[in-house]
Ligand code: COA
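The chain that follows stands alone, in the form predicted on its own, written as structure tokens.
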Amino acid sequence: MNWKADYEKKKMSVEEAAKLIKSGDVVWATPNNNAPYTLLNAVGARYKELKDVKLAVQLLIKPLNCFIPEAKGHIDVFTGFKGPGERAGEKTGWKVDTAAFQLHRHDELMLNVIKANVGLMQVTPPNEEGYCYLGCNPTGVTEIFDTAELIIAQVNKNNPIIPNENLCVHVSQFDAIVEVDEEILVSPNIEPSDLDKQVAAHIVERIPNGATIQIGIGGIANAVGYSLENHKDLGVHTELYVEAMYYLTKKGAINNSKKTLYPGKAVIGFASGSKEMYDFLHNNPNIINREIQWVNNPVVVAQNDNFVSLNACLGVDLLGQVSSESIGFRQFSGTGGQLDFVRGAQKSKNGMSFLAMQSVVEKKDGSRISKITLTHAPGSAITVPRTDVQYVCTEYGIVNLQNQSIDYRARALISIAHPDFRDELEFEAKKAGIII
């Protein structure tokens, strides 16, 4: 049977495909803006008919209809990284379990922990040979075929084709196919504040022409990204391709010409941004999409000379331990690939790793809390151990903690804390014996 006939034979309605899910199934779905939302909501609409279904998602942009307390015990959700969708669901009183893992070990998560027997994925329409691309986020697709007994594809003509290596799926590998042309969700581009720009200024001046960059999301990351428009010959090797990278490429600051790994090409794990950015990525021969466990592997990252990693964090204690994913016991996001790139950047020839934040957070009542503290709140996840931290930056400056003593770390961090908190931090540090 040729692939076109096979495709037609497997095609069915979304409702018919959703009915293939049975009680007790472990269901995995492609993440983020490549999640098959229509198909997932069709499954969610059946929650009363199901029991003990485990659904593995990641970094969802919008909540699913099963993100309600009533679905507990029917469809229970496990996420690898909380996104806006998971957080929105939690506001209803619904609960989600979150994995603690480094993104370069995503294949281990899929094969040894999730072990899904059902895979749901959003793909492009097949090409002339019957192969479908995985759009903006192919994370986990390679491994799902090792554990799943049922693969359902949501074919979406709006999904961009992003050139990749070994990340295409043939029609013959699907068990069921639904056609849904939903819009690929966009991510809001956060406008940097004046404070974000002050933080960024300390970092931008240290980034050399010809550097290969990885930048995260948020106001500070955008402030750095957009401020690099006058740089030359920048390259990209990043887990997440963001709007600022698209902007810098249009401006000519990014051309990937000086990269030591995949020269001439931006290497990405996944992408999230505007429709214009998705159009830019579509069939772009200068972009290459690879498996996230390869992209994020610190050994691979380090093969790029002059590598610069920039990520935001939530808080730093005076020992130099960095928390970027939780507020006390409350899990806000996930470990992701921050530590992967912190380590990879520092092993790169002339590489640098930056962890950045505003010095304070303002509460609803107008009072302020220092993000540099003697110790983290109980339950706070340490995303980057003190022994891995290099540069830490606030609007008050930048310090290098790499391989430094405890006394040095405390004094350096106090120097970039908000002035209103420095005396208190110094008093607490001396009382605790951190400052000698």
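These figures come from a predicted structure and were not determined experimentally. The first residue of the sequence shown is number 1, and the count goes up from there.
There is another form of the same protein, the form predicted together with the ligand; it is not shown, and what comes next is about it.
Candidate site formed by 80, 116 and 290: none of these residues places a non-hydrogen atom within 4.5 angstroms of the ligand in the predicted complex. Proximity of residue 192 to the ligand in the predicted complex: non-hydrogen atoms within 4.5 Å are absent; the residue sits far from the partner. In the predicted complex, no heavy atom of residue 243 sits within 4.5 Å of the ligand. Interface membership of residue 304, defined by any non-hydrogen atom within 4.5 Å of the ligand in the predicted complex, is ruled out. The closest non-hydrogen atom of residue 353 lies beyond 4.5 Å of the ligand in the predicted complex. Only one of 119-127, 337-345, 279-287, 261-269 lies within 4.5 Å of the ligand in the predicted complex by heavy atoms, and it is 337-345. Contact with the ligand in the predicted complex, judged by any heavy atom within 4.5 Å, is made by just one of 332, 131, 294, 101: 332. Screening 135, 320, 216, 140 for any heavy atom within 4.5 Å of the ligand in the predicted complex leaves a single hit, 216.
Along 366-387, these residues reach a heavy atom to within 4.5 Å of the ligand in the predicted complex: 369, 371.
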